[in-house]
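What follows is one chain in structure tokens, specifically the form predicted alone.
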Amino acid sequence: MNPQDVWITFPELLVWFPLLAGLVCFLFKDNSKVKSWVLLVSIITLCISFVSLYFSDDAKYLALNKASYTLKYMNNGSFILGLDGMGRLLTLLTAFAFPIIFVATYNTPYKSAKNFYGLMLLAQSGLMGVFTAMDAMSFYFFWELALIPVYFLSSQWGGERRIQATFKFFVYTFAGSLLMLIGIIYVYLHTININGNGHSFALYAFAGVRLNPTEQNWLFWLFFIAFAIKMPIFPFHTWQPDAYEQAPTATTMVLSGIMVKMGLFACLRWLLPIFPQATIKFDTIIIGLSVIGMLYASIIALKQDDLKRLVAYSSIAHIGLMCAGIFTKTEVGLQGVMLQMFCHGINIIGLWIVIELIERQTGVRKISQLGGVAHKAPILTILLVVIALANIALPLTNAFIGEFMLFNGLFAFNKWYAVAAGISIILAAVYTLNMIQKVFYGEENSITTAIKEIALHEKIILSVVVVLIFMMGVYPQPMINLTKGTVEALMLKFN
């Protein structure tokens, strides 16, 4: 299939199809029909993503010159979309997550459902744009497009303290975006177009820009702070637990399963290629902050009584390990990040689905108020145990391979950092097993006695997650092959 023979390419389809479908949602008069519409749209988007894995449109949009890590475009437009291995991986995660989220929350009632689902699809379009953007201006545009719907979703359909949580989220992300915009403009003014006749926002121009060490240093921090807020890592993480707790669970799934990957992706796509010298200079500091955040979040998770906040702090620890893996600048570490971004997204969404199902039936999320769920919902319990053990990287589950590679890279960088990070893995096992024991085993109480086994469609969705966990745990090679070229190109910046 020659992409130049078609009028629209896969990156464009992945971006514009959910965007247009999301706008159509606002035109629905019957809120009951909009659920079927968004589910259909999300399934079609998933099919497009699957097909994009087999048909490359690189010939039209980019050719990767690994010798210099430059991206040369056959069309020198200012709005460039393309897919490499890493982009395919994360657009697949995004496409896979939304139908799972829509099915899992199908029975959840929303006031003005057409607006809710319309904003969800707009967020999906923004995420697709971030992962396919090959020029800085479109990257920034989609970065904001992905965030804006989340503000409204959280403030309109969130919990009792949604306004405070959303305001904090807005302040953090707006400040980070402003810093990044300043950095983008500065680098743009120092670029030379591929034809030597002006400036360019294209990734190849940004990756080839010549900056002195001082410029690299302060520009590095402008970009990194924006990306660190989005991950988030210590000390830029304080917005996350409140946002996760107060946002509607479907939105929380998007935030923790996909949106935090924007920061990790941005470091790999933009930070390392543009500022390699500054990356080398500040790698110890960044990895140190990441490891501190892992330990800090894991210790706080031990004391959490709210299921949402426990999973939120667990996510901070996992993202910290991935951020540390990026700055080890080792091939095994970078490959581990690629794999773990996908696996973490699958596992964390699975956990959120279980929390949503429990809260919907009981009306509570407090661990101390639950107990004996396994007696009433044994299938839910079995599925949860598998997902929870995958989240702590039990061998034969998907997260084990990625975490093993990440620790391998971290140990090669500094063995003491690896030891400190390893403590957080032990703590993760403690608070995860403690949660399983208190919520699902033990004695029933007046709250949990009314719990029923989950519905068929909910069993199917969680079973799909479990199947993926074992498939990727046993045979991760296809994902590794998919991102191998991206890793090799990044490594050439540091060899």
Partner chain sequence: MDNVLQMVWLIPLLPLIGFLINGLGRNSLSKRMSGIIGSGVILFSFLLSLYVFFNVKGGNSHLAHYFNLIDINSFTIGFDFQIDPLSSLFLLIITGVGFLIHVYSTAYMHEEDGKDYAKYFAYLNLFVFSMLLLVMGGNYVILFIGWEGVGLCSYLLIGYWFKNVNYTNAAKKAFVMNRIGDLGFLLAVFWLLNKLGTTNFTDVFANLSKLSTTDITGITLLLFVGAIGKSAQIPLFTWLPDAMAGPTPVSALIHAATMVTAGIYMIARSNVLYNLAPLTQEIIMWIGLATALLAATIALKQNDIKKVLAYSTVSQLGFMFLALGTGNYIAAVFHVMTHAFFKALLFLGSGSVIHGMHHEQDINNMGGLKSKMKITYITFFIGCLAIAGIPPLSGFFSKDSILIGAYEHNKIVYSIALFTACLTAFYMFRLLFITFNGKFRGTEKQWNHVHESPAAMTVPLIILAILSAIAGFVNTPALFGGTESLTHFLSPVIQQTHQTTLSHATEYMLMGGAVVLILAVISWAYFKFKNYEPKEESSAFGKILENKWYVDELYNSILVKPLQAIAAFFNTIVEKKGIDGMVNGVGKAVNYGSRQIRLLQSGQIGNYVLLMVLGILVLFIIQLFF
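Numbering follows the first chain given and starts at 1. On a predicted model such as this, the values are computed, not experimentally measured, just so you know.
Below, we turn to the form predicted together with the partner chain, even though it does not appear here.
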By the heavy atom within 4.5 Å rule, which residue out of 306, 331, 359, 144 makes contact with the partner chain in the predicted bound form?
331
Just to be sure I understand the contacts: of 225, 367, 423, 137, which is the one whose heavy atoms reach within 4.5 angstroms of the partner chain in the predicted bound form?
423
Contact test in the predicted bound form: residue 396 vs the partner chain, heavy atoms, 4.5 Å:
yes
Does the partner chain get within 4.5 angstroms of any non-hydrogen atom of residue 168 in the predicted bound form?
yes
Would residue 375 count as a contact of the partner chain in the predicted bound form, using a 4.5 angstroms cut-off between non-hydrogen atoms?
yes
With a cut-off of 4.5 Å between heavy atoms, is residue 463 one of the residues that contacts the partner chain in the predicted bound form?
no
Among 270 to 278, 227 to 235, 128 to 136, 96 to 104, mark the stretch whose residues have heavy atoms within 4.5 Å of the partner chain in the predicted bound form.
227 to 235
Within 4.5 Å of the partner chain in the predicted bound form: all of 405, 411 and 436, by heavy atom?
yes
For the stretch 468 to 484, which residues lie within 4.5 Å of the partner chain in the predicted bound form by non-hydrogen atom distance?
473, 474, 475, 476, 477, 480, 484
